[in-house]
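Here we start with a single chain on its own, the form predicted on its own, put down as structure tokens.
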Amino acid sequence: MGENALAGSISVSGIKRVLILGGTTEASLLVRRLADDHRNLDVILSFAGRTVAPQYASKQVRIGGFGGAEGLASYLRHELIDIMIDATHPFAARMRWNAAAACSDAGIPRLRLERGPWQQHAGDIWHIVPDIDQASAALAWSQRIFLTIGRQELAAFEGYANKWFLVRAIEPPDLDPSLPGELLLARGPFSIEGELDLLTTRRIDTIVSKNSGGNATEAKLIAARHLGIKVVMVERPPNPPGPLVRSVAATLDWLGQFVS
């Protein structure tokens, strides 16, 4: 049964249980908006648990994995979930496919909420690659590299003993990546002035970034454009078939077909 058919099978009466797969700014904003909404919704916010101190925006919070698509489908049935909104990170590749499979199995509608990617502008020096391994391979001529990819995939860059890395992350890596350079713990949003100063004082010649989109960390790209610094940009993984929106407002509009 397709998702359009599923949409028509949901009753608009009674309280609807909504599971939001979170971990993003959009997910937290959505939960806050729904908390002020007078429609009949019972909202559960789920985190994968990778962030040590996530900022909760819901009274009902679940932390941890589900055990793959089958485990998630079982959870949906057991908790009588009516609707799922997948608002996980643009690079949470496996979870989006597990969510699609679980919703298909459980017979409930699913929406993917994912902020738009950054777009290349005049003056940008982007080298676009499909994954982290290709990003590492693109650094042959770079010497001082700013890694802004989080803390999960630093191992791909361990083979470079003759380069210097500035690694910025919200939390320390689980394991020492053994990269020569500096670890900077910081959480956005970052200013253009601050990023210009960081890139200049560290003498960065290349930035490695995932195309996460959003405003919190876009300043590094603007600063790189001003300074003529190369950006190795990792493309997002593909989404499964199904409805996708780019904003919380569009998500609320989509929900309107199921709730009153």
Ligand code: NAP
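These numbers come from a predicted model, not from an experiment. For every residue, the number given is its place in the sequence shown, counted from 1.
Same protein, other form: the form predicted in complex with this ligand, not shown, and the subject of what follows.
Shown alone here, R77 lies farther than 4.5 Å from this ligand in the predicted complex, counting heavy atoms only. In the predicted complex, this ligand stays beyond 4.5 Å of every heavy atom belonging to R110. This ligand is not shown here, but in the predicted complex it comes within 4.5 Å of a heavy atom of F91.
Residue contact check for T206: none of its heavy atoms lie within 4.5 Å of this ligand in the predicted complex.
Screening 222-230, 64-72, 189-197, 29-37 for residues having heavy atoms within 4.5 Å of this ligand in the predicted complex returns a single hit, 64-72.
Residue K210 is the only member of 200-225 with a non-hydrogen atom no more than 4.5 angstroms from this ligand in the predicted complex.
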